[in-house]
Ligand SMILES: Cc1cc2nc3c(=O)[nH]c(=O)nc-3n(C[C@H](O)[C@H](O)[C@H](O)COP(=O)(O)O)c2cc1C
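Here we start with a single chain on its own, the form predicted on its own, put down as structure tokens.
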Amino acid sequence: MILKDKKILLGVSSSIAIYKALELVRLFKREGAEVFVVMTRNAKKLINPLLFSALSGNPTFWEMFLEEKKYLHLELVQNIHLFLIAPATANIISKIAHGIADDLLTTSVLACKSPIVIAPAMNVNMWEKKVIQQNIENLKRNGFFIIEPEEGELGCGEKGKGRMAEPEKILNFVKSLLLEEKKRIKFVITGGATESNIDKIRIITNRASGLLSVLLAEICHQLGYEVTLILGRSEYYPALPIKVKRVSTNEEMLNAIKEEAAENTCLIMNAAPCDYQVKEIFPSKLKDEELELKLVRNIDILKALKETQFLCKVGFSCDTENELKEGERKLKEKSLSICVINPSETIGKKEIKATLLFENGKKKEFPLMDKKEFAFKLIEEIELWLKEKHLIQ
């Protein structure tokens, strides 16, 4: 059992989804974990702390200062394996994102060195508020794991995104995060679109969604591989505890890949880097009625990595004509192990009709399928390629 003898601290804030926190305690206990609960004062108004104590078998805490425990916020996070905050209200999320520590729960967060997982729960209008989304992004950048809320009927009667993820889903996320046995091969996966500045406000980019890269990262993680997702502009984000590096430009993506590259690394270059950049970036916003931009070729990331050693290097080719010929050219010029020909019609969609070209001359065509199904098949093909090269058993 993955959670056997693991110590989990559960932070509970004042959302109507608080009843799900009781189920989380039960599930964690069933998996062999030891659970401690810390509540906010307002959470106590929704549910009696004795219920958490009865289920966890441990005292429930909410007071910042106790006579018998001078440094309770330090004691609570000592030797724990994971700190889960579920449900996490808009208020608690905003406080944590800005380093505010004005109660036992938020002070414990600042004192915690273990992984911290946050499961938001709130009204759809609150979730979609720009400031909340900025706070969520800030937390992700600072190493917090976010289990995105789900869509459906909310406690207030409205419908939309904001429902706290179901306890079973959160349990699987936590188990995945605490899984200690990893395969010796590491996957570095890039996704989304990069940008090139025109001025301080406007950019050049493309329509890549980043969906496939996120699916590939999640599948690799579920298969037990170490994974780093290097993600440019994308509306998608992994629902599993995967290491994510956010980047904006080709140069940032190239540097991030080099930082993550190691002897045991497979690279899947699924990102859509910006092919061109403005020769001269304007220092202020331009307001002319007509504007001429001189574009020059941007850094070709895969070419720049030609001499970098990877166990396997997978690239993508997306063109509007001569797709097969262009894929063959990129396979050779960029020293790829596998080139995925991705028709332009599938950009931004949830289906893909791909063709794989291999360095040994083999070709494999796939019918139109869901990108998640294709992600599984691509990882299978990579594993077969690694076995043929005697790199894995």
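Each residue number is its position in the shown sequence, starting from 1. In this text the structure is predicted, and so the values were computed from the model without any measurement.
The same protein has a further form, the form predicted in complex with the ligand, not shown here; the description that follows concerns it.
For the residues Thr89, Asn250, Ser234, Thr107, the 4.5 Å heavy atom test against the ligand in the model of the complex is passed only by Thr89. Distance criterion of 4.5 Å from any heavy atom to the ligand in the model of the complex singles out Met126 from the list Leu179, Met126, Leu293, Ala101.
With the partner omitted here, the stretch from 300 to 308, 318 to 326, 257 to 265, 89 to 97 that lies within 4.5 Å of the ligand by heavy atoms in the model of the complex is 89 to 97. At least one heavy atom of Ile16 is located within 4.5 Å of the ligand in the model of the complex. Taking the partner from the other structure, the ligand in the model of the complex has a heavy atom within 4.5 Å of a heavy atom of Ala43. In the model of the complex, the ligand sits within 4.5 Å of a heavy atom of Met122.
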